[in-house]
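In structure tokens, the next block holds one chain alone, the form predicted on its own.
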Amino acid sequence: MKILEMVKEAKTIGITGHVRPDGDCIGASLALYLYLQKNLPEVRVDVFLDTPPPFFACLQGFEAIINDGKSDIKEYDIFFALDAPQNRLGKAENLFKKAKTRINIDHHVSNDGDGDINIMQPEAAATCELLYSLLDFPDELDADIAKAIYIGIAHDTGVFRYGSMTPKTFEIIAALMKYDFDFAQILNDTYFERTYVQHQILGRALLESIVFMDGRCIVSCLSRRTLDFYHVGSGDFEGIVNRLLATKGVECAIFMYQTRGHEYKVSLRSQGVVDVAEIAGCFGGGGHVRAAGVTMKGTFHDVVNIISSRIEAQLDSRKNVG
């Protein structure tokens, strides 16, 4: 079933994604927003997200994002949750719950589906790839929609480097590149370019990292004091855990930053041998086999010991199987 078939009776449509939205979440949300506006101009469409990093302002529709989760509509006819389960929707969760029809579209293996309609494809490289397959072509697409989908796929595949890429993904990218937008420049603006503060905080994270488990695992943690000293925002951590994973011999990387007291946001990355989605899921988080996240309570050493014991168990079990 295509998107336009799903919403053909709707007069009001809401769209949201996960808290602290990344490129795939933002790209999918704005691509769907633009697509519905273009093809259903008589329908009211609202998009709800936490305030995205400012470099995503290059996407059409960015200025329409509602970041406080408030609306004068108490019950939307259709509400889309993209790239996330219901419990990660943040301020828009209640709007999603109250909608007449809830549609959940995601590629995370940890999402079991919370909607009345659930479209889950863990084999898709990004939610934007999955969304692309649900759109009607060719007249209903334009350069702005294509750019949003392109950015989403690029960001969730590490600019086409991750093992989640398939021939289908490359076919979609090739089709999107036929539209009139500067596909090289937008990757520089949204993925590669870093502020001076981001470079500083990356340097601290790398400098203070620790390799352990015979070089198979690496961890780095930034304290609340360090974050306050550099005036770091939530969008400044992008890419740090991937740089840690790029260490030779490392199978799994852990990046943590302190949010308050004994609470940490934890990002996990794997070369593929370790299923970090399974580990994050044990503590209420989720994600993919190679990329996952979770919020955990305890001291730095508590968190590292708990997570690393599960990483080590997986590595040892794989070695024994081999």
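Numbering starts at 1 and follows the sequence shown. The structure displayed is predicted, hence computed values, not measured ones.
This next part talks about the form predicted in complex with a small molecule, which is not shown.
Taking non-hydrogen atoms only, residue 292 approaches the small molecule to within 4.5 angstroms in the model of the complex. Within 4.5 Å of any heavy atom of the small molecule in the model of the complex lies no heavy atom of residue 155.
Contact annotation for residue 108: at least one heavy atom lies within 4.5 Å of the small molecule in the model of the complex.
Under a 4.5 angstroms non-hydrogen atom cutoff, the small molecule in the model of the complex has residue 286 among its neighbouring residues. Note that among 26 to 34, 63 to 71, 43 to 51, 260 to 268, the stretch whose heavy atoms approach the small molecule to within 4.5 Å in the model of the complex is 260 to 268.
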